[in-house]
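Just one chain follows, in the form predicted on its own, and it is written as structure tokens.
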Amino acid sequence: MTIAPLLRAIAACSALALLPAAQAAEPVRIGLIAPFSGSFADYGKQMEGGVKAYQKLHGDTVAGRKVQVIMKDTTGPAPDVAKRLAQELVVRDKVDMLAGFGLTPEALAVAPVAEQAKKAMVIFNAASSIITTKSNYIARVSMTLPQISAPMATWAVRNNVRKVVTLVADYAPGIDAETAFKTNFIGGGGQVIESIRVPLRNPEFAPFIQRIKDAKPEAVFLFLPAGEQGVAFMKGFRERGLAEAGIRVIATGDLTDDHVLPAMGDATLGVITSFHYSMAHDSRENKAFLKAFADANPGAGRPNFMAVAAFDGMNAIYEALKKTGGATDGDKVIGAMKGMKIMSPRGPITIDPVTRDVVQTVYIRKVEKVNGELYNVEFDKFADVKDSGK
């Protein structure tokens, strides 16, 4: 071999030797799809805050690769927009994973994209039971509404609540919540005297609140999406004198969402909810999370359960990438997440190896004042609760 071909051969070998290092330098791209504007804008902002809190504590590198989060606004609920954004992220932005999804209709719209592209898709909130059945590449770290609602029914029966009106948002998670509550409540000997469903977008609560008052239940069971709707409902509940009429509020924790609880005021005192996270949860992990959130998101106010789910979702992604050695192949990532155990700010959680859904403690909480501020104070719990809606 003459000197020139030899040099070319050496150069080629050197280039091949450098190839894995070059690949390792490629960032892991995560497309985070959520509403960042519109009536559900807080959903996306809370998720972004949770991501920032996680990276504040754990950095933006895992398994030798930078982690880049690309955020896309659905303005939702807008399933068609969510699907288009997912397609653009996969095709144009070359993302390795999809994440976020504040609302069930958006998650369901994107599921076929994840399945076809074989991209891991991590749910940070959307809570209808069926979501993980729509693609083999979906894992959820948040909750499902049956998982949260069934314990509330069990607790109510145990505490001598016998006659209830249910009021839920009229979309899949609301129907899930209504079904799970009614099944457990009636099965325990309770009576549901009326079931009310309200529009997802901009419901007018006044006539529904009057119907509840006229029905004279012992309690009303509620599921409304976290945010403005809970504030509006509780305002009407107070103004129309339902509390004075002896009607109690029992609900999923979306109603007394940590982020908006201060704005809801003293009308929420004594409201009983079932949920998987409270800012008042007393643990080392939660204290570290709250500090990291405040440091990474100055002026953002209180974090809520969506921020925690985003924090835990990033944890699951980082731990999966450690197991795969940085490989982002969808089958490998989801395989690494199956059965994964995480010590979350909410307590221990597991990703079920069969359903890819979260298994966790559901807490019963009461709104109380602590040092002059409103919090959801945990006083009972149901451990290792799985989704019961599948």
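It should be emphasised that the depicted structure is a prediction, and the values quoted were computed from it without experimental measurement. Residue indices: 1-based, along the sequence shown.
Absent from the display: the form predicted in complex with P-hydroxybenzoic acid (PHB). The rest refers to it.
Only one of 300-308, 284-292, 82-90, 180-188 lies within 4.5 Å of P-hydroxybenzoic acid (PHB) in the predicted complex by heavy atoms, and it is 300-308. None of 104, 274, 256, 166 but one reaches within 4.5 angstroms of P-hydroxybenzoic acid (PHB) in the predicted complex through a heavy atom, and that residue is 104. Only one of 127, 138, 212, 141 lies close to P-hydroxybenzoic acid (PHB) in the predicted complex, with a heavy atom inside 4.5 Å, and it is 127.
Put simply, residue 171 is close to P-hydroxybenzoic acid (PHB) in the predicted complex: some heavy atom of it is within 4.5 Å. Interface membership of residue 236, defined by any non-hydrogen atom within 4.5 Å of P-hydroxybenzoic acid (PHB) in the predicted complex, is ruled out.
In the predicted complex, P-hydroxybenzoic acid (PHB) lies within 4.5 Å of some heavy atom of residue 145. Of the heavy atoms in residue 221, none are within 4.5 Å of P-hydroxybenzoic acid (PHB) in the predicted complex. Residues are counted as partner-facing when one of their heavy atoms sits within 4.5 Å of P-hydroxybenzoic acid (PHB) in the predicted complex; in 338-365 not one qualifies.
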